[in-house]
Ligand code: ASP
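The data below hold one chain only, encoded as structure tokens and taken in the form predicted alone.
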Amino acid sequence: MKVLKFGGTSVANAKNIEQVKNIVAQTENNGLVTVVSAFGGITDLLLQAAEKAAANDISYSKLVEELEARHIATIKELFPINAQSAVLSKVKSELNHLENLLEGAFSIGELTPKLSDKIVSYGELLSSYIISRYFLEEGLDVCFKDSRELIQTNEQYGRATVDFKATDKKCSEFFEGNTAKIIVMGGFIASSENGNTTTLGRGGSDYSAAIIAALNNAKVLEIWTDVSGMYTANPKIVKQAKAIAKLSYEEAMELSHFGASVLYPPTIQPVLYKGIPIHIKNTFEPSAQGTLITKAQGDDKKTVSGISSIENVGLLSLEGPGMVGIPGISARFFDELSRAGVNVILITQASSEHSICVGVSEKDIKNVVEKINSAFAFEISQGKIYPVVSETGLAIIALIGDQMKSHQGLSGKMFSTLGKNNVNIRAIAQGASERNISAVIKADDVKKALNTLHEQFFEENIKQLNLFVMGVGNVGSKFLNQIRQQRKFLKEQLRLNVRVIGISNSRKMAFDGGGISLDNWESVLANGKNADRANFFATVQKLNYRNSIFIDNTASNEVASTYRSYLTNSISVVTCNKIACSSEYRNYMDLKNASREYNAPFLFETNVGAGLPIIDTLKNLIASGDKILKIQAVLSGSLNFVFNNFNDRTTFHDVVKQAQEEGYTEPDPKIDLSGIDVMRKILILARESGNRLEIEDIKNKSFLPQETLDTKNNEDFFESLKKYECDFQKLYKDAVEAKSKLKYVAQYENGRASVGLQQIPVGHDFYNLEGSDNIVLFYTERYPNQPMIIKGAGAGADVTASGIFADIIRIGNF
């Protein structure tokens, strides 16, 4: 014998029922039991109608009309006209009985559990009858059996307990005398010894099928639903989730208990004792492998079989010094929960016995707090136990797998993965079997937690990075283009899935939770909403994606001031904006400390030398125990470009204008020519070397006249350059006469830093520095005489964007 159970979505309409018939017809059907749920959504309609009737709300009759219309429409689609009459007559007769029951509830203004069970039973009664008659019309050898005549329970209405001895006797009598190849019956419903209709609880159709399978020693129990088995995680939350081919009974029970709604938890119990396999299949994709549930699998299985969650969870915590060493406290606590009908989902207790914490359904919290406090009123009045503390807005996530007990460090891996993404854990529990590791977290973090853990344990180490980009001008646009070009390489070679979720310029911002298409990001941004830095951060925070990275491609002080907010929410920051790291030392260290405390990388390689690995090299020197003695550097690609192109055949004004137009300078070129940009860079290098320095401590030997420095806008600035052209030509002439070249040099040594224009003689490392190149000389204890030299292009949108890109990859490899 085989038992096939079809859920509500599988029999939701005529088209789906036809598919069910095809599956049944193609199954070896010499001894086949087909258990069906009510048509999809019907049970909810019945409950709503009952509640409205009991509340004297006459609109319940509209719901009855909807119920009738659904069933009649299905009959008319399934049956030819000449076969409809008998089926319609039976269904309308049953619906009349249903109306009488609802009228009774309306009259007395009350809905008893007994009456509720009677009302909701009509969903399965009608569906099983209609489907059995349809099978018969299609030529199948079938008979209909009312489940209430087979499954006997007590009279605990709403969730009755099965009397297996009586049920076994009834099943034996029926199946021994049955000659039809296919039996169709409704799930969920049963009856008491007195003949009263009872139900097995929501999800009880699975349980009905399991009871029939167990009592008849079925070959297999097939659960047909709308998904292709049990998944490694909820596919509605984790898009990369995949069906699990095989599970043990114990793993399936754990997963179903922790929110895997494909299978009703009690289903497994009857078949487990008989060793009957459960096969979960997809009605709409019958060729899919599905999930086979049997006895424990071999050792070749994955360590973690699945990740699941329960939402709408609350915590109850009882603690106090009077609990230590006092027997019976826990028993009294759990007794009150039991009396209140509260199911405990999770338990954790401190080894000191000072506290005990339980996870329960959030809806039960309000009703039970007062009862617990009342039970411990004396101890509370004495200060020995504190009033119970309740928390809501929580969820439980769980790693599940038979093989977990054989692997060390799994808990650490789970918790560190969550910690890196700012998922705070409120409570932890692990069963003695080590098949389940559970953690209580904020409900808002469930999506991020499930995706983070799934990525860690199931996705072949492909790490998803979610980028939020502020500033899409020269550097930002080049960066987005590089991401677009390299996305395939990153995924295939570096195992990084990089998505741009949000972008913003000074006018507009746009978000796409699934990733912005980088082929048309300009139009997406143009059609976005008005830019707002606070709203941008709030959106990043609300999306709450794992491995989130905020990227600042601006030169804005206001944007730089937001870094701490991102870091303290475990959102990494990558920036080419030098303002934050050259601000007050206290702020610089605050950002560095926040990065460490909240496990959020703060990377700013492009602050010095654009795409050159200057800061990274310096960090590695310091980390390896070396000590910086002196730094000499040409750090302004803009100024190097200017003085490499300035001569007696050009004007200083024209060269600076050219540098601005080609993107070598900041939009305000005075930032570069005044030396402030170089001051910031040498300050950052000094700080990264381990020295405490402020911008005011750096000596700036400016070559610009004071009047030029005092200009308020670019127009006045450039006019001033024309006015002092003779002064600039003299600087050039003096350098030529000294057989030198002009370079703007930054230096740090013995706690002192300076920047200024210098004449560089032939033979010096700086002399042949061309174009917009940068060069840095690190003199260290290991390199005291011949310095470590880093040299290359130090300005330009492309190389700066590549430096940002490199920092993204560094984060991906953390």
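Throughout, we count residues from 1 along the sequence that is shown. Take the two forms, superpose them, and find the largest set of C-alpha atoms that agree within 1.5 Å; that set is the rigid core. Quantities reported herein were computed from a predicted structural model and do not represent experimental measurements.
Here the subject shifts to the form predicted in complex with the named molecule, a form of this protein not shown in this document.
In short, of 203-211, 312-320, 462-470, 128-136 it is 203-211 that has heavy atoms within 4.5 Å of the named molecule in the model of the complex. The candidate spot formed by F604, N607 and T800 lies out of contact with the named molecule in the model of the complex, as no residue has a heavy atom within 4.5 Å of it. T43 belongs to the set of residues with a heavy atom inside 4.5 Å of the named molecule in the model of the complex. In the model of the complex, no heavy atom of Y563 sits within 4.5 Å of the named molecule. Although the partner is absent from this view, E251 stays clear of the named molecule in the model of the complex, with no non-hydrogen atom inside 4.5 angstroms. Taking non-hydrogen atoms only, S37 approaches the named molecule to within 4.5 angstroms in the model of the complex. When two forms of a protein are overlaid on their rigid core, residues whose CA moves 2 Å or more are considered shifted, and V11 is one of them between the shown form and the other one. Remark: with the core as the superposition reference, the CA shift of D44 between the shown form and the other one reaches 2 Å or more.
A displacement of less than 2 angstroms separates the C-alpha positions of S638 between the shown form and the other one, with the rigid core held in common.
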